[in-house]
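The form predicted alone is given below as one chain in structure tokens.
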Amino acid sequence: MSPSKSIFLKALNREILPTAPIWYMRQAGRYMPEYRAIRKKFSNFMDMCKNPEVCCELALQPLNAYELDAAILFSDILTVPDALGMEVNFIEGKGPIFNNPINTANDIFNLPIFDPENVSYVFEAVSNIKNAIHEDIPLIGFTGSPWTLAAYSIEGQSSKNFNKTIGFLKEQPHAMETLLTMLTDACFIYLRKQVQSGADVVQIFDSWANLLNEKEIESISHKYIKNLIQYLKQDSITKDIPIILFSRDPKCSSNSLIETKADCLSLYSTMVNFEKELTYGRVAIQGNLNPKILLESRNIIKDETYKILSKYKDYPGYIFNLGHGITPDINPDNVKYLTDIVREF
């Protein structure tokens, strides 16, 4: 890796740049015909994630199509609970289904210690991608946040309200604390091995932050994200690796996110009034075009994109991204157009 040549790494180092670096959340995915061609060969999405050669090919597809400034590991955040014996499958139209979700406190106390060998396919994919991309393109590894992984593990599937999880949180607070601690330790080991395998940056996805109120997000989510980031920053292998935090529609202040000590905050689509004056010089910013705008006319795409670029043009450490992942209904030509107008700004 040549840090001096990567504008993505320069932005993470809080430098002001003439052109914002670009990558996209879910930049490999169902909106791309070449992705769909591979996906239909696998009945279960998780089986695809366990094939390092295929994961490498999928990670390269958007780089080849759009010449982006960073690659991201192709995988899923649910590899960690799957490795803990919860047996995650993806059902078409339903999403993830856990064969062995957490139903009782005893289920937590009986969980095995996380063994990274159970996800060796992820680390092999990281190595494959790293070896396949240009030396000046950084590779992003990732994990779900402890809270997000806990929510899925208890609910046993995706949900709009996660009623089972919220009920468990209220009825079994000590068991939940144990689970969150276990998952924090697992996420640390998981990210550390990704870095050892070639990841240059890591991102933590707090995808269900929006389920928690302002008090809960501090004690149930941010507490464990802070611990995870502290472990990474104190470890000899990971101490210099930039950390990005994506929090989905969080009910908290900007300062609360800054205090996690992440190097970069990835803004959700709704975070349009984010207090950049508060964060200036303290943390890099990534985001936050609403992906739905890519379904609109090119004039609207350009107007909305330029609003964001104008807002952050003098910000020390700004990365252009979406406020959430690219959805399957988006035309790849609009992703190409978006990339071009960011470069031209």
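A residue's number is simply how far along the shown sequence it sits, counting from 1. The shown structure was predicted, so the numbers you read here are calculated from the model rather than taken from an experiment.
Keep in mind that the form predicted in complex with ligand CP3 is missing from the display, and what follows is about it.
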L78 versus ligand CP3, in the predicted bound form: is there a non-hydrogen atom within 4.5 Å?
yes
In the predicted bound form, A28 touching ligand CP3 (heavy atom, 4.5 Å)
yes
At the 4.5 Å heavy atom threshold, is Y152 in contact with ligand CP3 in the predicted bound form?
yes
Please run the contact check for L73 against ligand CP3 in the predicted bound form: heavy atoms, 4.5 angstroms, yes or no?
yes
Just to confirm, with a 4.5 Å cut-off on non-hydrogen atoms, which of F123, F142, F168, Y224 contacts ligand CP3 in the predicted bound form?
F142
Please pick, from T260, Q194, S207, T184, the one residue with any non-hydrogen atom lying within 4.5 angstroms of ligand CP3 in the predicted bound form.
S207
So which stretch, 294-302, 39-47, 312-320, 281-289, is the one near ligand CP3 in the predicted bound form (non-hydrogen atoms, 4.5 Å)?
39-47
Identify whether ligand CP3 in the predicted bound form is within 4.5 Å of every residue in the set R14, S254 and Y306, based on non-hydrogen atoms.
no
Let me know which residues along 314-345 have a heavy atom within 4.5 Å of ligand CP3 in the predicted bound form, or say none if there are none.
H324
